[in-house]
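In the block that follows, a single chain appears as structure tokens, in the form predicted alone.
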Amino acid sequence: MHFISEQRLDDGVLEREFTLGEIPGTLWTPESAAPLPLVLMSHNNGLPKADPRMVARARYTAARGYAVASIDAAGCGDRPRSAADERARAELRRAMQAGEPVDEIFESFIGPLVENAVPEWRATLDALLELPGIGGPVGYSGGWTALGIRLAVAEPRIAAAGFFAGGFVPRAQREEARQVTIPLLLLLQWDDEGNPRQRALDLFEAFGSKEKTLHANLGGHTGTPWFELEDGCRFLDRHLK
């Protein structure tokens, strides 16, 4: 892991950009005493780590006493996209503009994205836990629920996870949800225009966790109340501190 920049932000959080091979990432750490628990934070279906909403969440969580890390998936952020990625995104845009069904397009696009992202997140986790001051436990927090499900099944070091029910979850990850047994917090926007409510409720039911909590709020896809970020940190506090 090679750090390429750093800056101390006005909330006292240290923000450091890094690379791990071809993987670009960001690490936010507070001024709290080490060792710090670690939160892996992603955005919906691989949106860039520099997205303002995700950066705000990361900074808030770090200020609460966590090391927070995010990376750009292949084909996302500044990483080059393959010709197949470009075709899938173009077809998705066309279908959405035409009001056509998009589930099968999402299925063909998101499934491979998840499979390619998981090894990179696990390699990043290995490198982060070798840094001085980061000792775990490890949590996952993010809108990319499909990735979180896959990581929760594949990565035994993840002790708790907070998901947002607003992203498309491929069939493979919906089946894998039954194997997820760690404590979970699932956020649902009741009026999410792009994600059927019943699908989110069915996903919550499918999780195999004995401790799982569903928070549902009125509003559309981007209307999650700010207080859910505070509640999410309290959830992490219970399981990672």
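All residue numbers are counted from 1 along the displayed sequence. Fair warning: this is a prediction, and the values are worked out from it, not measured in the lab.
Another form, the form predicted in complex with a further copy of the same chain, is not on view; read the next lines as being about it.
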Subject >> Interface membership of residue 217, a further copy of the same chain in the predicted bound form, 4.5 Å heavy atom rule >> reply: yes
Original post:
Using 4.5 Å between non-hydrogen atoms, is residue 179 touching a further copy of the same chain in the predicted bound form?
Top reply: no
Subject >> Non-hydrogen atom contact residue 234 with a further copy of the same chain in the predicted bound form at 4.5 angstroms >> reply: yes
Original post:
Does at least one non-hydrogen atom of residue 51 fall within 4.5 angstroms of a further copy of the same chain in the predicted bound form?
Top reply: no
**OP:** Look at the candidate spot formed by 201, 205 and 212 and say whether a further copy of the same chain comes within 4.5 Å of a heavy atom in all three of them in the predicted bound form.
**Re:** yes
Original post:
Only one of 35 to 43, 189 to 197, 22 to 30, 169 to 177 gets a heavy atom within 4.5 Å of a further copy of the same chain in the predicted bound form; which is it?
Top reply: 189 to 197
Subject >> Contact set, 222 to 239 vs a further copy of the same chain in the predicted bound form - heavy atom within 4.5 angstroms >> reply: 226, 227, 228, 230, 231, 234, 238
